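First come two forms of one protein chain, each written alone as C-alpha cells, so that there is a structure 1 and a structure 2.
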Structure 1
C-alpha cells in the first residue's frame, strides 16, 4: 500500500514537472511574462508549438513586432488539444493580457473561451486559422491563391499536355480551396480549350507522402508514363511524387507548397518547378504589429498592416478588409499573399532565415543557381 502511494506521488511530481517545463517552453526568454513593464501585454495561444514552423518563424516575428512597439510577449501551448486551449485562454486572461493572438485548434470549440476573453475586455486576433467571431481580427494567407499560383507557374512552363493532380486529404477544406484556385489560375480554361488534359486526379488521405507516391505510380502506369506536369498540393506529397517520377526517368514540371527545405533543394536541383511559400515572418509581423495598434486603442477597422512587409507577401493595400466566413459572418481581416519560390528567387527564403544555404544547396552543382 505504502509502495503504491509512493509510486503515485512520484508520478504526480513527474507529471507536474513535465507540464511546467512545456508550459514555460513557449515564453522562454527572461522577462517573457509579467506585465510589470506597463506596456501592452500580448498573449499568444499556440495550438501545436512543437511543429517547427512556429518556433522558427512566427514566434520571433510576433515577438519582435510586439517589443518594437514597447509591448511584452507571453504564450501558452495547447499541445494540439482544443480542451487544453480553452484552459490556456483562461490562463492568459488571468495573466492580464490586453490582446490574444489565437492559433485555434478548432474554430467551433474555442468559442466559449473567446467570448469569455472578450467579456474581460480582451481583443482577439485569429491567427492563420479562422475563428467565427465578428469582433476578432483575422490574419491569414490567401489559401485559394496558393492553388492559383501553382497552376499559373506550371502552365507557364508547360502550357499543353497531360496533367496529373495529387490533392490533399479529402476531408480537409484546404485541399478543395487549392483545387479551386488551380482552376482560377488558368487550369480550367486550358482544359476547356483542349490544351491540357487531366489524366489523373486523386485525393491523398492525411496528405501522406507514401500514399502520394503510390498514386503517382498508378497514374504513370495507367498512362504509359505520358504525363507532362504534376500539380501536387504540398511539398510533402511532392517528395513522394518526385521519387516516383525519377524512378521512371521523368523530369517534368512539379508544384508544391510550404517551402519545405527538401522541396527548396529540389527547386535548386531542377526537380521541382515551384514551392509556394507562405512567409510566416510576414504573418507574424502583421499580427504583432496589429496587436500593438489594438492595445493603443485603434479601432479594428482602422488597424493597418505594417508597411515594411516583403513585397511578395504584402496585400493589395495596407487597410483591413471585410471577409465573409463560411459561417456567414463578416470579420475584419488582413489576407497576405503567398510567395512562389522558384529557381530565380531562392535567395529570398535563405535571406529571411527560413532555411539555410546548406539545406537548399545540398548536392547542387555550385554556380548552377544563384545562391549556390
Structure 2
C-alpha cells in the first residue's frame, strides 16, 4: 500500500511538472494577463510572403504574440497560388496545429480546405482578408474606411476632372470594400454631379505592380493622357501607376495604402497624395493574441483585443463584434482603424519604426518636408 501511494505521489508531481513546462501566460494576453498557450501550435498560411509588409511587420508581431502566450509559431507560403494554399492547409493540419491564421489568396477556392481543417477541430482566423465562414474569426482593418479616406483626400486636391480607378484582385473581398468606401467618401456624389468622370476602372489580378502599370498605360492611351487623378487601391499597384504616369510626364493626385517605403517616399517627393497606413504591427499582435485565447478554449464572442494597441489603430472597444459579410453571413470580427499618411504627418510612420527617415527622405529636398 505504501509503495502504491508513493508511486501515485510521484506520478502527480510528474504530471504537474509537465503541465507547468508547457508554458502559460505572457505580456501579449489581453490587459497583460496570462493565457493558456502551452502546447498551442499556431500555423499561418501566407498567400504570398514576398510582399514587403508581411515579413516586415505582420509576421514578427504574430510570432511575438504567440510566443508571449506560450505557443509555438509555424508557417507556409503559397506563392500566390490557390492550389498550393489548399495543399498548405493540409500540411498545417498534418503538423497538428490548433489554430490557422489564414491570409487567403482566394476566399472561394480555399473553402474546401477550411472546411477540412474545421472538421479536424482546428479553428480559423481570416487574416486581413474575409472568409465567408461563420465559424472563423475575422481580423482586419476597416477597409471600407480606407477607400473612403482615399476618395476624400484626392477629391480635396482634385475635386473635378477625369479619374482612373485601379482596383485589386477580383477574388479578394477587400477590393470591393475599398471601392464601396470610395463612393461613400464622395466619389459617387462627384460623378453624379458631373464634376468627376471615371475614364477607366480595372481590377488587377494578384494586386500586381506590373499589371497595374499596364492597365494605367491602357487608360492613358485611351484618353490621350487626359487623366487628372488616380485612385489606386494599394501602394504596390500605385508603384506601377506612378511608373506609367512618369513615362508620359504626368504628376497627378494618386492614392495607395499599406505604407510601403517606396510609396511614403513618393508622398515626401510630392508624387503620391496619400498612403493609407494600416499598422500591421497592431493587426499581427491582435491575431497572434486571439489565437492563444482560442487555443485556451475561449469562445469567439469572448475573445478580446490586446489592451496595449496604439490608440490610432485600436477598435472602439476591446470586445469582438459581429460583421455582416457580402454573402449575408455573420462572422465574429475585430476591425482596426487605418491612418492616412500625407506630407504633414510622415513623422508618424518614422517614429513608429515602420520605416526609416532615410527611406522616406531619399532624394527629397532638405527642409521641403518636416521629417526630411
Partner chain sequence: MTSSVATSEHETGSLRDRVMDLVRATEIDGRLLGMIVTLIGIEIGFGLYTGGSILSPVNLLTFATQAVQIAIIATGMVLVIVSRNIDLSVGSVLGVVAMTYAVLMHEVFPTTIGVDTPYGWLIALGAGLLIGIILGAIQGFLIAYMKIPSFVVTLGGLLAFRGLVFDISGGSTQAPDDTQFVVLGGGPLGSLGGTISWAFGAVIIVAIALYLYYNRRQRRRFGFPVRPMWAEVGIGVVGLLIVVGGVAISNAYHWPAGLIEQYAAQHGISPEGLVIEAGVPWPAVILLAVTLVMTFLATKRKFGRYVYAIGGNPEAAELGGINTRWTIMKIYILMGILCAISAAISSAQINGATNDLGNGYELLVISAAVIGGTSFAGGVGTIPGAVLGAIVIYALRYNLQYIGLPSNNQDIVIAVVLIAAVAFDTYSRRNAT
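Please read all numbers here as calculations on a predicted model, not as lab measurements. Positions refer to the first chain, counted from 1.
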property	result
Selected structure - the one that is the form predicted on its own	2
Between structure 1 and structure 2, rigid part identical for residue 321 and residue 227	no
Degrees turned by the smaller rigid body between structure 1 and structure 2, as judged from C-alpha superposition	26
